[in-house]
Every structure is written in structure tokens, then in C-alpha cells.
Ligand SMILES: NC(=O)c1ccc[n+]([C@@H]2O[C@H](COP(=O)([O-])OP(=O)(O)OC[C@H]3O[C@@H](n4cnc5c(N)ncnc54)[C@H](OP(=O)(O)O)[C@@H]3O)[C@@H](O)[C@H]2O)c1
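What follows is a single chain, given as C-alpha cells, in the form predicted on its own.
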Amino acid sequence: MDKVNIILVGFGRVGRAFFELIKEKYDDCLQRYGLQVELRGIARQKGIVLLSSTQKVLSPSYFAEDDLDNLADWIKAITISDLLDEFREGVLVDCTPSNLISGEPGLSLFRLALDKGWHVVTASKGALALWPDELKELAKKKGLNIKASAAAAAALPTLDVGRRALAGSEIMAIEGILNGTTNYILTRMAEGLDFDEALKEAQEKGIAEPEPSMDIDGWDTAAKMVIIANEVLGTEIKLSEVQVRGIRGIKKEIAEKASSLNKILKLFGKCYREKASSPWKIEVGLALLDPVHPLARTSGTSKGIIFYTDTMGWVAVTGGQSSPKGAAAALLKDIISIYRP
């Protein structure tokens, strides 16, 4: 049996879902994998709360947003560095917001955790999309893991398929529909709504963020494609090298024209190279898919990815719960994979 210390940083929707999930799956991890998954502390801007273990039962209302300011358990006198020193080794789980300009606070968290001998499992995309070479080298030097399934389409197993299921094959290209918000908007536009109506509906349903720029301008898809390409292909592509066009303000007439041509409009990410000796490129933009394309029927908030290989043909995976719980499940999967490869 292995005892796994976990420090959770960030307590938004994904962080809360992860907290609930490891309570729910505590016994399952123990029985199926021999892993005693112990959440030692939760850190956020308001401070740090210390837990003896996930066996300490806390009701969801304990962490209700209205109560956070009044909790005596939130301690500002200690730091994340103190927690890492106290428990010596384990996994830092990064659920902080993705910042695609500076990579912070994820970048500093990665550096701190790796320097102190902790593995990193992340749902945040910024640091890995902006600083892939530095972080990969630091993890390698320390003999540690950085796992990013939750940052690379969450419950959709993009990295697992690309790295393990296709082992022995050469991947020639990757294509993906990786953003549930834009896929939902384009699906509803194909059904007759205009862009503003579809976006408003997505926001009302909690699918789109109140500030949806990262999604509708294509940067979320671009960051995911960078992480997938670097992990699966061994490249060190940076987000600044990606050509990105989103769907902001797309005219209703374009969706109608696509339908009249029997095409399906998608925000598409692709990674390819002109020839074997050429550098890899990533592009994100609108694509008109034929109905027979393996990802053409990926509708609503669903996501999908397709790998083109030299010996296995194309392999596509679609689905994966597009929700905080789906992202939390990807985080837990990565923790298990570190200790039970």
C-alpha cells in the first residue's frame, strides 16, 4: 500500500469537484490500486485549510462560497511551500485558472513543487502551453512527473490514447474538437440560432463562462493542442507559435451556407507537418467537415480527437464528460497513473 499525500491548489468548480471525488473514491483507490489518497491541505487566495485526511468528513456546505470568509480553518500564516516541506513528497494538484499570457500562478506552482520533489497533476493549461521546454526539463532532472490529462480535454483521454494505445505507430497528424463551449454554439447555430443567441444560451446553461473570450477566440483549443502535441509527439511547441482563429461574431449566414452544402461547421485544431523532415505546425480555425468525417457528429458540448498513424490507420475517440467532475476524474486518473503505471 502506498500513501499519497495531496496538496490541492485552487478551489473553484474543478477544485471543489476534485475534493468531493476523492472522498467518494477513497475506498475504491485503496481496494483497487492499493493507494491511500490523503488530501493534506487546500490552498486558495484566502488562505490554506489543513485536513488530517480525506476521511475527515466535511459537508459541501462547509465550503460554500458564502462561508469561506468566516472559516477559522483558513490560515494565512502558512504557505504552500510550508505544506510541501511538512509532508515531504506527494502530488500537487493545480486547479488554478488558466492564464495564457503569463502562465501564472501555475508556472510558479510547478517550479516550487518540482524543486521540492513533488509530482504535479494539473487542470491548468497556461504554464504548459507557454513554458513546455523549461518544465519538461525540470521534471526530468528531478525524476518527477507532470501529468496534464485534465488540461488536455479533461475526461476525453487524449494523452492516454496518443502515448499508450498507439505505441509503436508513427503519428502523422492530429485533429481535434476540444472546446465544449464553441462546439455547443456551432451546434445550435446549425439548428437556426445566431451567434449571440447561441452564446447567451450557453452562458445561461453554465456551459460558457461569463467572460468567454478564451473559448470563442480559439485560445483554449490552441492551448490544448499544444499540450497534446508536446506530450504525444515529443515536441516543444509554444502557444505563441500557433495560428489561431476563433468563432467570435461568426455570421448566421455562414452556418446556413455550410448546411446547404451538406457540411458541418466546427472549430478545429490540427497538428501536422508538410513532410517528415518539416517542423510540426498547429493551427486552430473553422473547418467544414464532410458528414463522413469521424468527428463530424461530435455535437453539443462533446469533444473528440483523431490520430492519423502509419500502421493503425486513423483512431478517433469522442465523448468524455464535459464538466468539473469530468476534469476531476482526469486529475484522479493521473494520480493513479503516477503510482500505478
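All residue numbers are counted from 1 along the displayed sequence. Model, not experiment: these values are computed from the prediction.
Unshown form predicted in complex with this ligand; subsequent notes refer to it.
**Q** Counting only non-hydrogen atoms and a 4.5 Å threshold, tell me whether 183, 267 and 284 all contact this ligand in the model of the complex.
**A** Answer is no for this spot.
**Q** Counting only non-hydrogen atoms, which stretch in 272 to 280, 43 to 51, 285 to 293, 28 to 36 is within 4.5 Å of this ligand in the model of the complex?
**A** Every other range fails; the passing one is 43 to 51.
**Q** Is there any non-hydrogen atom of residue 12 lying within 4.5 Å of this ligand in the model of the complex?
**A** Output for residue 12 is yes: heavy atoms within 4.5 Å of this ligand.
**Q** Residue 150 versus this ligand, in the model of the complex: is there a non-hydrogen atom within 4.5 Å?
**A** Residue 150: contacts this ligand in the model of the complex.
**Q** Is the gap between residue 119 and this ligand in the model of the complex 4.5 Å or less for some heavy atom pair?
**A** Close contact is absent here: in the model of the complex, residue 119 is far from this ligand, nothing within 4.5 Å, heavy atoms only.
**Q** Wondering, does residue 128 line up within 4.5 Å of this ligand in the model of the complex on heavy atoms?
**A** Answer no; every heavy atom of residue 128 is more than 4.5 Å from this ligand in the model of the complex.
**Q** Report the residue, out of 132, 157, 105, 212, that has at least one non-hydrogen atom within 4.5 angstroms of this ligand in the model of the complex.
**A** After the contact test, the surviving option is 105.
**Q** Using a 4.5 Å heavy atom cutoff, which residues in 95 to 111 contact this ligand in the model of the complex? It's fine if the answer is none.
**A** Residues within 4.5 Å: 95, 96, 97, 98, 105.
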